[in-house]
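Below, in structure tokens: the form predicted on its own, a single chain.
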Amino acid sequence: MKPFQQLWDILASVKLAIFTLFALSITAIIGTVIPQGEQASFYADKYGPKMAQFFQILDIPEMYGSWWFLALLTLLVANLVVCSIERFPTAWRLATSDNLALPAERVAKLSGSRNWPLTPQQAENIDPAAILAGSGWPAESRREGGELRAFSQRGRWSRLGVYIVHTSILVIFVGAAVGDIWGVKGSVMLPEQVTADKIFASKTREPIDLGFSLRCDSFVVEFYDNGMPKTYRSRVTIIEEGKEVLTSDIEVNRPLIYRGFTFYQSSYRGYQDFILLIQGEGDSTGGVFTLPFQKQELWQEKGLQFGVVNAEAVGQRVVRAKLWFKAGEAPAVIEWFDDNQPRLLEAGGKQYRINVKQMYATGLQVAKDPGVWIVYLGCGLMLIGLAMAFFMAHHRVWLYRSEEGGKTLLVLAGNSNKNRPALAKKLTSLEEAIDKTLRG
């Protein structure tokens, strides 16, 4: 039994809590400084072969899933649980105890206590509970023998704040575990006008069914003058059972959330193909076509033939495309179009509104975390617990009318678990109220 008690004492110690929190802080710094999830060659090139081998031994590239990091978390959980079991009964007893059972002699020995001798008339008329209530301290009272006791308290449940914080940490860990076990993390590279119903897991690259389809309707990217991307946006449509149920834009820091899945805009890829939008004069609808570079396409219904015969690019970005366009038997028209800048084109005696743009694929990061609401609950509990632990105090006040040495005394005392200067001010106000009452 002695070894178990020694282990229990270790797990209940504040020193262990400080050690585990310090160790987790250091490891979090390491995980921030050293990139996670990269290939072994990345670490060998950046840190050298020997250091890379050392990283692999300690699972530094996957630190947050390593055995030693999980062991630290387990140690912290055990410490929180044992500390709570060890100390919670005392806090609960102090919050719920019968404070009117405290004898007058013990009240008189409390720090800062004061007493007033009472005349027989004052002793007859004085009501300790009424005095406390009149000063903003709603009181409970009881007669014990020849004593008339009154007691009031504020913030008694603040003693439980630290245990609410402990519970919140455990709830957050549970939420993180639920997300890790049953959650989904993956990605998909989705070209414009293409529909996908699967994503690919981040680690294993195995396909994961979404349970619905996602179509990229369009992708727009804007560039700075130096060619660097400034912003990019995807317009996507959710399709279920063949019906379009939702169309939304996805931008950086503006994800799409649907059926628990969160789609984040993360990257893009440019192709040598083009997207052509054509709307004829007087037509209420147009056509959308995917054009391979330098290949002719036919829109038989409208009698149109077209193709991109040339293009100008800056790096991988097309800035202009030369369109070959033929309407019916009329001569073909060849004109340059700025990328994604629609304008009118006349061919065969009719005007067409045409937009030529380079085809892109949108790169989406996809996550589904069923434990996120558990984590939010834990964070809410933590805020409540911290507010109770740091900004509230358990103030207790006793006011007894008792007999001592043949005299009748009025005894005032108070006690607080913290912020004693605030209680001292409140006791001073009570003393002034008592002095005023006794003067009549």
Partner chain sequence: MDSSQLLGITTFTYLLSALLYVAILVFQNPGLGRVATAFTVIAWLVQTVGIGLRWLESYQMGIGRAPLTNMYESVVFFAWAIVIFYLAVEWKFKVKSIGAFALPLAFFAMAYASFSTEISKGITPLIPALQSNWLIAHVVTCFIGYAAFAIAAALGCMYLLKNAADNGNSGLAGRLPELALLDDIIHKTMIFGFIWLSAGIITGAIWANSAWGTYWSWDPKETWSLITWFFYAITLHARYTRGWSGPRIAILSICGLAVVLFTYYGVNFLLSGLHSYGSS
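Remember, it's a predicted structure, so these values are computed and weren't measured experimentally. Residue numbers count along the first chain shown, from 1. Throughout, rigid core stands for the largest set of C-alpha atoms superposing within 1.5 Å between the two forms.
There is another form of this protein, the form predicted together with the partner chain, and it is not shown here; the text below is about that form.
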**Request:** Heavy atoms, 4.5 Å, the partner chain in the predicted bound form: which of 379 to 387, 49 to 57, 406 to 414, 393 to 401 makes the cut? Say which one.
**Result:** 379 to 387
**Request:** Counting non-hydrogen atoms within 4.5 angstroms of the partner chain in the predicted bound form, say which of A367, L190, L160, A321 makes the cut.
**Result:** A367
**Message:** Just to be sure I understand the contacts: of Q316, T231, Q294, Q341, which is the one whose heavy atoms reach within 4.5 angstroms of the partner chain in the predicted bound form?
**Reply:** T231
**Message:** Test of understanding: in the predicted bound form, would W92 fall inside 4.5 Å of the partner chain by heavy atoms?
**Reply:** no
**Request:** Indicate whether the partner chain has at least one heavy atom within 4.5 Å of a heavy atom of Y264 in the predicted bound form.
**Result:** yes
**Request:** Find out whether any non-hydrogen atom of K326 is located within 4.5 angstroms of the partner chain in the predicted bound form, and reply yes or no.
**Result:** no
**Asked** Do S284 and the partner chain share at least one heavy atom pair within 4.5 Å in the predicted bound form?
**Response** no
**Prompt:** Which residues from 20 to 45 come close to the partner chain in the predicted bound form, meaning a heavy atom within 4.5 Å?
**Reply:** L21, F22, L24, S25, A28, I29, T32, V33
**Prompt:** After fitting the rigid core, is the C-alpha of Y47 off by 2 Å or more between this form and the one not shown?
**Reply:** yes
**Asked** Aligning on the rigid core, do we see the C-alpha of M392 shift 2 angstroms or more between this form and the one not shown?
**Response** no
**Message:** T428: after superposing the rigid core, is there a C-alpha shift of 2 Å or more between this form and the one not shown?
**Reply:** no
